[in-house]
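One chain follows as C-alpha cells, the form predicted on its own.
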Amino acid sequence: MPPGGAALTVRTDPGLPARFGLVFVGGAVGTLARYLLSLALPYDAAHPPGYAVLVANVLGSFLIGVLAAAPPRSDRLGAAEWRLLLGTGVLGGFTTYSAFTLDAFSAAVGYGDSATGWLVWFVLGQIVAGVAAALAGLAVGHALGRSRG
C-alpha cells in the first residue's frame, strides 16, 4: 500500500468480456441502422441540416424510453444485459449527438445570419422532441410492462 493512500485493487470480472461483446455487437447494429437511415433520407450538403439525424435521435429517444421502462425478458439474458445490448449498443450507435452538432454547425455556416432564428428552433426543437419522445417511450414501456404482468 502506498504511504498514506489506499491500496490499488484490480478486480477480475469473468463476465466483462461478454458484456463488451454485447455493447460491440449492439453498437455495430445501431450504427449500420443509422447509416441505412441516412441512405433513405439523404443529406444534401447544399441544404443542411440533414433530417436522418433528427429522425434517428427522436426515434432512438423514444425507444430508449420503452427499453428503460420495459426491458425485454428472456431466459438467456437478464435486464442488465438487454440494456447493454439494446440501450448502450444499438441505440447508442443509432443516435448521434456529434452528427446533430455538425448538422447545426453546417446549417449555421451555410445560411449565415439569415437563418439564425430557424437554426435556434431546429436545435431547441430537436432537444425538446427527443425529451418528449423519451417520455412517450417511458409511458409506452410502462403500459407494456403492466400488460405483461
Partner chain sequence: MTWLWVALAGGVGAVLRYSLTLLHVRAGKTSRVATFVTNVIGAFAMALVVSIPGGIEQHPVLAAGLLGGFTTFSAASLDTAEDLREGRLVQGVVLPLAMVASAVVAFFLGLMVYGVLDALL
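Numbering follows the first chain given and starts at 1. None of the values given here were measured: they were computed from a predicted structure.
Keep in mind that the form predicted in complex with its partner chain is missing from the display, and what follows is about it.
Enquirer: Residue 97 near its partner chain in the predicted complex, any heavy atom under 4.5 Å?
Expert: So residue 97 counts as contacting its partner chain.
Enquirer: Is there a heavy atom of residue 40 no more than 4.5 Å from a heavy atom of its partner chain in the predicted complex?
Expert: Close contact is absent here: in the predicted complex, residue 40 is far from its partner chain, nothing within 4.5 Å, heavy atoms only.
Enquirer: Does its partner chain come within 4.5 Å of any heavy atom of residue 108 in the predicted complex?
Expert: Within the cut-off, so yes.
Enquirer: Any of the heavy atoms of residue 101 lying within 4.5 Å of its partner chain in the predicted complex?
Expert: Flag for residue 101 set to yes.
Enquirer: What residues in 57 to 86 sit within 4.5 Å of its partner chain in the predicted complex, counting heavy atoms only?
Expert: Counting only heavy atoms within 4.5 Å of its partner chain in the predicted complex, the contacting residues of 57 to 86 are 57, 60, 61, 64, 65, 68, 84.
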